[in-house]
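One chain comes next, on its own, written out as structure tokens in the form predicted on its own.
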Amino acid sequence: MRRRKFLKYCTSVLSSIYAIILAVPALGFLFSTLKRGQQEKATYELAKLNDLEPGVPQRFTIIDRRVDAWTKYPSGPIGSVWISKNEDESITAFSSTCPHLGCVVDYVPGDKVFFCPCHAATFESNGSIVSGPQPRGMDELNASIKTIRGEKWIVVEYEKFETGIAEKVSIS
């Protein structure tokens, strides 16, 4: 093999190895981005059904790992939900985030309403609007009852929604 041909061969082999080294992380990023869009909604087992008093909403904190484009955070609170047990043992779950500007909504037991302290928004116990600047009622979440080891647990699909608009648009 001539010297010139040998150098040409070595250059093409090294260039190919270099291209593969650069392509692997780029393809990993591309496929992880595509895979991220197909994620299922996260579900959380929050409480036993028997622990809730009928007609009295209780607030539960959602704890999970948070991941953004570049950083994975340790487990911590990512939001909270209000869960109500009805007389017929059906359940209702609402996001505790106000659909106006994203403040945390509290429950006022004396008035039996939800109240947002940021702009005095008030919601009925069924999540509908009573008064205030909010564009829509409280965001209802999918909730179900699941039997785990012989006990009924409340399972909630937690998700976040756009604030400040009349439509309920998920951003999770």
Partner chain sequence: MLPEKTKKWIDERTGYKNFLHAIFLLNFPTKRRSRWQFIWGGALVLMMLVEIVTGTLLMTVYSPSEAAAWGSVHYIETQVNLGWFVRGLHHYTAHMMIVAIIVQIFLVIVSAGYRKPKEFIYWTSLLIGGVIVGLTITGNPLPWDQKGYWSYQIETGIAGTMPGIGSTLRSLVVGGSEFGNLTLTRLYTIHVIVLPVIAILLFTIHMALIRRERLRTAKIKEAADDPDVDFELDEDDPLKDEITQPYWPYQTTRTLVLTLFLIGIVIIQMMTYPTLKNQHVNTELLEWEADLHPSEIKLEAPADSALPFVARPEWFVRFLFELRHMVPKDLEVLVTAVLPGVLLAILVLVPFYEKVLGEKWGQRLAIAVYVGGILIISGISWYGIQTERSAPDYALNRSQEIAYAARASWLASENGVPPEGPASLLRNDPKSMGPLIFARHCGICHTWNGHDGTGHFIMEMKDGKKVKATPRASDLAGFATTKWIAEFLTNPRDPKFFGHVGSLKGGDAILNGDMSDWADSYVGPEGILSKADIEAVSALLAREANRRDYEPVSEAVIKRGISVFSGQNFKGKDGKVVDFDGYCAQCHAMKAGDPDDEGGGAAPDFNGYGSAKWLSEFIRSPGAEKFYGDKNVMPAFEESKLSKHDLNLLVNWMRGEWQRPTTDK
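Residue numbers count along the first chain shown, from 1. Worth saying up front: this structure is predicted, and the values here are computed from it rather than measured. C-alpha atoms forming the largest set that superposes within 1.5 Å between two forms make up the rigid core.
What comes next is about the form predicted together with its partner chain, which is not displayed.
- With the partner omitted here, the residue from T43, S128, S144, T33 that has a non-hydrogen atom within 4.5 angstroms of its partner chain in the predicted bound form is T33.
- Using a 4.5 angstroms limit between non-hydrogen atoms, G28 touches its partner chain in the predicted bound form.
- With a 4.5 Å cutoff on heavy atoms, K168 does not count as touching its partner chain in the predicted bound form; it lies far away.
- Its partner chain is not drawn, but in the predicted bound form it has no heavy atom within 4.5 Å of I148.
- The stretch from 48 to 56, 115 to 123, 66 to 74, 102 to 110 that comes within 4.5 Å of its partner chain in the predicted bound form, counting heavy atoms only, is 66 to 74.
- Taking a 4.5 Å heavy atom cutoff to its partner chain in the predicted bound form, the contacting residues in 4 to 24 are R4, L7, K8, C10, T11, L14, S15, I17, Y18, I21, L22, V24.
- The Cα position of I148 differs by less than 2 Å between the shown form and the other one after fitting on the rigid core.
- Relative to the superposed core, G28 shifts its CA atom by 2 Å or more between the shown form and the other one.
- When the rigid core is held fixed, the Cα atom of L7 travels 2 angstroms or more between the shown form and the other one.
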